Every structure is written in C-alpha cells, then in structure tokens.
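Take a look at this one chain, the form predicted on its own, written out in structure tokens.
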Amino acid sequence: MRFSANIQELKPSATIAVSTLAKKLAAEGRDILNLSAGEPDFDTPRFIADAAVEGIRAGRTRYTPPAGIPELRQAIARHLETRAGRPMDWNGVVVSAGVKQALFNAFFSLFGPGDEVLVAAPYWTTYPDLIRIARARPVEVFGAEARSFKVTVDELEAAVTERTRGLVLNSPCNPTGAVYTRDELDAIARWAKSRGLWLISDEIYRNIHHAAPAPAPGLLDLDEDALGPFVLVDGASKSYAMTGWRLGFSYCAPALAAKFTALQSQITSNTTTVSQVAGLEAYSNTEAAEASIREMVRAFTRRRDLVTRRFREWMPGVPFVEPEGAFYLYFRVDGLFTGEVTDATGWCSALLEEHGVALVPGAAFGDDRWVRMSYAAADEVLEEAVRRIAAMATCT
C-alpha cells in the first residue's frame, strides 16, 4: 500500500501507545500500575464542570468562530496580562483542540521543506513528528545532564545552520521536570531574536511548579525588548485537570494568529463549544481557579517528595533529574541493563510484563537510556510502583 510522503515517517504517540497497552492489560485482569500518561488524576473542578452543564442547557452547542468565542479569547488575554504586566491583544489568541493543535498550527504555518527547527531535548514526543509533518527537519539539542538537560545559548549556537528557522522550548519540561530560570529564558530569547528565529514556547505545565505559589517563569515574564518573533502555547489540560476537554490556545502576533485561524478553519473549525464554555469559566473565575491549582500543586509536590525519597532510599545507584515542575520523574536505567535488556524500551517492557508497572521509555524523548514515570497518582499507588521498580532494579 502506498502512502503520501507527508506521513511516511509518522509514528503513533509513544506515550499514548504505552498507556493504551497498560489499560488493555488491566482490562484483561492484570494487576497494572499505569504511570505512563501525562494526565492529572484529579477530576475537573466542579465549578468548571457546572458551567459546561449550564452552557449545554442554555443551548450553547452551536458552531463558534474558528479561533474561539470572543469572550474566551478575551479572558485568556486578560490571563496573559497578569503574567506580562502589560496589555495583550486578544486578537493574538487562537483557541485550539488542545496544545497539539496549537503546535501543529505553528509548525505548519511557519516551517516547510528544507527548514530546520531546533528542539531542546529531552523533548515531548510529539514535537519532532509535528515538525516532520510540516516537511521540516527537527534537530535535537541536548543540554548537560548535570544541568537537568537544560540547553544553553552556546549549545544552541553550535547546532544552528543557515537552514535553521526556529526553536522549540518547553518549561517546565516534559519529561524531565526541569524549569528554566528567568535569566536562562532571557538569554535564550535574546539569542533567538538575534538569530531571527521563531521561538515556540510550550508552557502547558507553567502552573505546576514545585516552588509555588509562583508559577514557573515564562516568555511573558521577560522584558519586551528580549523577545523576537514568538508563539506561546498553553491550555487547560494540566492546570485545570481538563485533558479530555481538548482545550488549548496559542498567543502570537495578530497577523500570524489570523493565519492559524485560516488553517484551523479548514481542518477542525472551532474547538468543541462546550469545552470553550467550560474554559471561559476556568479563565474568568480566577479566585476559584487559583484555589484549585494550589490544591493540585500541593498534592503533586508531596508526591514528588515521596517518589524522590523512595528512589534515594531503595535505589541509591539510579540517577534521576530532580523535578522542579510538572509531575514526572525522569530516571536513568542503563546501569540496570543485562545481556537480554540493552535499552530502556526493553527494560520498560520487562517491567510491565514481570512487575506490572507501565512507564514510558526514553526513546520517546530522544534518549533510550532513560525512563519517564508520572507521579500523577495516589500516594499508595506511587509507593507500590516504586517498590516494584526497586524489585526490578534488584533483579538486574
């Protein structure tokens, strides 16, 4: 069967594939602890869900403008203004079906055949494939392990060619949990500006910052003169436990936002209207939203502390990145390889088969010596999962 060159190199999302397999095994009666998916284990806050139900009953179920209902775009712009301390033009906001669509809009609109896009690594598994769909080439740039893999200007400069058109940055980072400081972001933003590169900043985990109450630094915390052309992507999935609602957004110059809107109008049209109604409540009812976020972050921080403590106690020889944000532990397993298990993919397969714990191998993030574990789960589940992981480590 012959397929288009557009999808010849396309692979399914590795994180979704692992989660799907874990759910299948659990449905078959296996005792599976699934810590593979990047999804809060909390229900969507009641005040948001109630707003959606009320919207349905009020008949808010029809098409909206492709970029989203104006009042939601305006609410998001006001939300961004609290970050930036300066006015944000709501015409630069495009509401999308999750951050994946926002990223697709950006990559497909800005890059094409022959272009190269730098991707700070380890990276969320979707970035390289979306860049390839745009027929551009992703170029991985790894920072030093001692810096939690955060990239520097010197490392980025070494990777630039005459074909380089953009840089993708994610902070807090999936999969490492690393968080760039304001000064680190400022240096990278000024470098990208000097090079004339598009800076695409994925800030979906910004509110899940273990140094709370302050969110993690982001592009809009920087002085305006530090920023060249940029696209900021964010959404409701993580901060408001709304993964299944598929509600993301991008913010950029209005002229580029108009291009995203035109593209989206031909692909999906508007994001689900009910999700937009729910999102309007999330971004407008700031007092309730902030209280909900604080509660979740406290739980994630407690769980982070539990997992890292157990790793130090039970597996002192297994290195890991100290998570500062998001809800992942990224740990290195090449010291546990055997004659039969020679990469993290094989190690994770053995862990799932023999001990019933589902994790994501680092091949999904650019380095198959590492493994990502989500700690978005109950404390007792995490305790048992780490116990099983330690048993696997002892066996090898």
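As the structure is a computational prediction, the values presented were derived from the model and not from experiment. Residues carry their position along the shown sequence, with the first being 1.
One more form of this protein should be noted, the form predicted in complex with a small molecule, which is absent from this view; the next part is about it.
Proximity to the small molecule in the predicted complex, taken as heavy atoms within 4.5 Å, picks out 198-206 from the listed stretches 198-206, 73-81, 273-281, 139-147. The putative spot formed by G98, Y127 and K238 is fully lined by the small molecule in the predicted complex; each residue has a non-hydrogen atom within 4.5 angstroms of it. Looking at R246, you'd find a heavy atom of it within 4.5 angstroms of the small molecule in the predicted complex. At the 4.5 Å threshold, heavy atoms of G38 reach the small molecule in the predicted complex.
In the predicted complex, the small molecule stays beyond 4.5 Å of every heavy atom belonging to S250. Among heavy atoms of N174, some come within 4.5 Å of the small molecule in the predicted complex.
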